[in-house]
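Next up: just one chain, as structure tokens, the form predicted on its own.
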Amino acid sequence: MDMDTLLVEPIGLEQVEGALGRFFEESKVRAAKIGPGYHGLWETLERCTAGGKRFRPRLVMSAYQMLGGRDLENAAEVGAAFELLHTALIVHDDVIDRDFIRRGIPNVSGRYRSIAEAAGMSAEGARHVGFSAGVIAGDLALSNAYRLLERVEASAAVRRRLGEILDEAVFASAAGEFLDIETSLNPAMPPLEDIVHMARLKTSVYSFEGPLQAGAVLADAQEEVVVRLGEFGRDAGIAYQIADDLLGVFGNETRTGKTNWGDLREGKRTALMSYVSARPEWDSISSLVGSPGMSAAEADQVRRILVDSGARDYSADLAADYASRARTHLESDVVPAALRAALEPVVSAVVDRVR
């Protein structure tokens, strides 16, 4: 599900692009002094960051402006920091998933695998080079997200709070990824509460809660507003992840940008799978889910069972429930009507996409 469909267009994205552009130009100049290869890695990382939907900066800028913030150049540095964090996490995620392609083109690891192959390395050696480059590039993006925050002009208390918000986003995302790895060691599907907890750690904190709260803190909003935006982001992010997992199995491949049986082959732990694994129908598909050799016909069989067992409807209803919970956090006089109106499309689009 493309996140750019979830939010109205805020003013200030041009400033975010400017902040990212300045950062990469400065970094490439530094890298060129070390050598052309390192400069090339930074160029690759910049291409990985370019063309993104900028969903997290949009949340930062929306919260900041709707809460009275006016210094768009300053807020853009915060938005750019969250965008760089996003880049770091997807680069590392591709390494974890052993993927060399993202959105139909080579990712960082894919590019350096190709370079290694062209240099005559074995297939295994080239894979190692590719993943190594991905780890390094992701580390650079991650560490420099903090560096971008250092450019924000604010009081010491606000700067400290922004750093804490970004740090929590990193800490939670790492925890979510690790829990995902841990659950894969157990052949049994985890209970729904564990899946929701992982969704919150992997998606909500860095994509929804953190950006919204950072924008509010920079705008010097009341603490109650910051808290409510965090609560909204938590439930909106969970709704988004449940819906995204549903689209990963039943969505249009052209619109989602990925095959609709990759998650089935992986045996991805989702609300869909947690529900059906507790039903009698599970026995007929348990040997197929998680099978790397799953055929198109077998994937269709699994999808039929997910529909017939009620798992599909259950997941759609669950996403709608969390979207509804998210809305309740905005129903307060401390949340400006303009901000409420800007965030409403986030939860509405989540529900609309899976109905």
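Everything quoted here is computed from the prediction, not taken from an experiment. When you see a residue number, it is the position in the sequence shown, counting from 1.
One more form of this protein exists, namely the form predicted together with a further copy of the same chain; it is left out here, but the text below deals with it.
Stretch 124-132 is the contacting one of 211-219, 276-284, 124-132, 239-247, since its residues have non-hydrogen atoms within 4.5 Å of a further copy of the same chain in the predicted bound form. Taking non-hydrogen atoms only, Tyr314 never approaches a further copy of the same chain to within 4.5 angstroms in the predicted bound form. Although the partner is absent here, Gln301 lies well away from a further copy of the same chain in the predicted bound form, with no heavy atom inside 4.5 Å.
Heavy atoms of Tyr146 reach within 4.5 Å of a further copy of the same chain in the predicted bound form, making it an interface residue. Interface membership of Ile34, defined by any non-hydrogen atom within 4.5 Å of a further copy of the same chain in the predicted bound form, is confirmed. Taking Ile181, Val227, Ala157, Ile101 one by one, only a single residue has any non-hydrogen atom within 4.5 Å of a further copy of the same chain in the predicted bound form, and it is Ile181. The listed set Glu223, Glu193, Glu150, Glu73 contains one residue whose heavy atoms approach a further copy of the same chain in the predicted bound form to within 4.5 Å, identified as Glu150. Residues of 11-30 that come within 4.5 Å of a further copy of the same chain in the predicted bound form, judged by any heavy atom, are Ser27, Arg30 in sequence order.
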